[in-house]
Ligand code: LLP
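Below sits a lone chain in structure tokens, taken as the form predicted alone.
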């Protein structure tokens, strides 16, 4: 299951990546459906002893083919924009399966969420609760809401993916949360159903996640004791994976920590994993377009994929493993693997130890199933890459390669 070496080079299930590249071109996102199935089921099963719902975070990968697979597995979803709500509905999810998160929700997005009757809107501020209440009153509706609390917990990750400290823009201060919740509970247009925390991404230590959950549970217990019954705590996502071959966050340890905090509370648990489900399920297949060496000995391997297909390295210095698709002979050496975009930050990192590569060789950039295609851009007028989903030895094209004509279709 998934990606493995074969006599024809790296394959996804039984399908060689070289065959996919020949059929669909490069750059090409390849997803292993079997890995998505396995990781979703394992995550869901880890929390089976407590009422819970897995709301997959669309921001990790919102391609319809991937979402329809997750829908078939019984997942619900977490959306971060009106566009993601629309995509979720298109993929078959019902409003009751959608939670709406996001730090800056526009009026029209809130109106859509209230009108649809989503499972919950994760509100970011007292002002946003005011706006939701006004919209609900105007439409004769009652909106289910959860308040996002900022617990001021530093997960010691890259600052661009830390969301739970007082210097971050997300949620309300813990000290202000009880009063805001009491005010929300008194509003006719609101039904306060949950407490939400999400402290960051790519977290590989359990303790910060446990402390965040404990904060949410403690607040929910206090409100319930004051006559404001809270139905669930939403602990967000952030579960980290391995990008270098070492172990990522231990799922069993994570589940045990959260379930321990919930024990005896009577609260349901909402989880919003994204990267954990789809990250290892994807690779980005790219072709070498140039190899050049400088007099000081530094060698650059230039690919046809770059920051327009995988922004993570340029955005926050992330490093993905890079592997030749075909078996190569020769002594590995340290090379810089870079993209074609006209920015020095368009790099997959220095000192990758790779065997000698030449123009037209294929390489696989591993663990790109999350925040690869979903962060794609047309910078330098580069068309969006194609995507394929592989299952049971066959593949399905789930996103056609964008044409320049399609790219320009909205311009007047």
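Residue numbers count along the first chain shown, from 1. These numbers come from a predicted model, not from an experiment.
Although not depicted, the form predicted in complex with this ligand is the subject of the following passage.
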Checking 119, 105, 275, 232 against this ligand in the predicted bound form, the residue with a non-hydrogen atom inside 4.5 angstroms turns out to be 275
Heavy atom within 4.5 Å of this ligand in the predicted bound form: which of 382, 39, 52, 59 fits that? Just give me the one. 59
Among 353 to 361, 65 to 73, 23 to 31, 369 to 377, the stretch whose residues bring a heavy atom within 4.5 Å of this ligand in the predicted bound form is 369 to 377
Is there a heavy atom of residue 239 no more than 4.5 Å from a heavy atom of this ligand in the predicted bound form? yes
With the partner left out here, check for me: in the predicted bound form, does some heavy atom of residue 78 sit within 4.5 Å of this ligand? yes
May I ask you to check whether residue 286 falls inside a 4.5 Å heavy atom distance of this ligand in the predicted bound form? no
Whether residue 300 contacts this ligand in the predicted bound form should be assessed with a 4.5 Å heavy atom distance threshold; does it? no
For a quick check, can you give me the residues of 281 to 319 that have a heavy atom within 4.5 Å of this ligand in the predicted bound form? 312, 316
